[in-house]
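One chain follows as structure tokens, the form predicted alone.
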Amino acid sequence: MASVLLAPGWRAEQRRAFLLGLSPSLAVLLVITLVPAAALLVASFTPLSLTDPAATFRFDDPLVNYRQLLQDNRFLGSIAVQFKLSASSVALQLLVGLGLALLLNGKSRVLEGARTLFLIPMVLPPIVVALIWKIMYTPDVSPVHRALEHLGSPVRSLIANPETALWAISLADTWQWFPFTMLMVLASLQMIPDDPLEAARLEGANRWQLFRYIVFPYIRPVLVVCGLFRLIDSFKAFPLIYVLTNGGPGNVTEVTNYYGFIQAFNFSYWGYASAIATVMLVGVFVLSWLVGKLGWSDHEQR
């Protein structure tokens, strides 16, 4: 039987079957991802604008958009805003998700019910989440603002204050996506064998030592994956910004993708907006590569 499996003819047939089976998926992948990405890259090399059709596909200066980006202070500022928002929201999501997962790790109907309730924000559409927080941040209709006013401590709207607007968006994004980390960490916690934990308890280890030396090494790769996924997804925090602040006050919440949206749909600079999107795409790939180089997700290191 083994000689039949190792026969060259059988291996060729196996490769042909794999290729035929994967061909439809590869064709769909090519059409829905690579072709639009190639169109975006080509458009970024042109001064494509709906207000100037004659200059739509000129390639006499293909790097003009990228040179302008280097001198565009508003674009450079949007990158700084993006990093602040991504760093704060991802860090909060990991901390809150990890903390709740540790609290809810157990076998009881109460804990199962609590876990289900905490998952609700994650399944809501982004526009619904944005509307919920728009109400929460609007003093005239917000129950929180009404309660604080009743207690004699009225506060300004967080999204109307330049000093708090970005953190208000970060809080709303954390509320929606901390359940993702909680769910992933819970699954990892329930796969930890009981033997090392029992042995450590018999040796007198306290709760912190159990977490630091046994639990954390098990869940560390999961935390890295959660952080990477949420970091990439944080670059798409468009609905929250569009509904809550519209990039303001001023441009303190204008992240890079929102700036690209303005260039494309407000000013019809599609070539310039394509260059912004291309730079974002490259940035996401570089960040993903850097996180992968950290090697924290390598199980063999444990």
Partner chain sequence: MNSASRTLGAADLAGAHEEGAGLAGLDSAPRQGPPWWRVHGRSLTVVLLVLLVLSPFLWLVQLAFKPAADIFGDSLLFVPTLEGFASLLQGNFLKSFGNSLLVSTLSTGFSLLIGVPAAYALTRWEFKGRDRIALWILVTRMAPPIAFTIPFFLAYQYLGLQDTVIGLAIVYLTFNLAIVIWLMQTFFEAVPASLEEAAWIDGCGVWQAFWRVALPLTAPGLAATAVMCFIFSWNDFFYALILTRTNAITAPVAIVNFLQYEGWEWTKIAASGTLVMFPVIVFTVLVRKYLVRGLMAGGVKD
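These numbers were taken from a predicted model, which means no experiment stands behind them. Numbering follows the first chain given and starts at 1. Heads up, when I say rigid core I mean the largest set of C-alphas that superpose within 1.5 Å between the two forms.
The following text describes the form predicted together with its partner chain, which does not appear among the structures shown.
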property	result
Triple contact flag Ala114, Arg230 and Leu281 to its partner chain in the predicted complex, non-hydrogen atom at 4.5 angstroms	yes
4.5 Å heavy atom contact, Phe59 and its partner chain in the predicted complex	no
Heavy atom of Gly260 within 4.5 Å of its partner chain in the predicted complex	yes
In the predicted complex, Phe83 touching its partner chain (heavy atom, 4.5 Å)	no
Pro126 within 4.5 Å of its partner chain in the predicted complex, heavy atoms	yes
Residue among Gln209, Asn105, Ser88, Asn161 with a heavy atom within 4.5 Å of its partner chain in the predicted complex	Asn105
Answer option from Leu95, Leu151, Val110, Met191, heavy atom within 4.5 Å of its partner chain in the predicted complex	Val110
Residue stretch of 212-220, 161-169, 72-80, 141-149 approaching its partner chain in the predicted complex, non-hydrogen atom distance within 4.5 Å	141-149
Interface residues of 224-254 toward its partner chain, as seen in the predicted complex [heavy atoms, 4.5 Å]	Val225, Phe229, Arg230, Ile232, Asp233, Lys236, Ala237, Phe238, Pro239, Tyr242, Val243
Core-superposed C-alpha of Val279 shifting 2 Å or more between this form and the one not shown	no
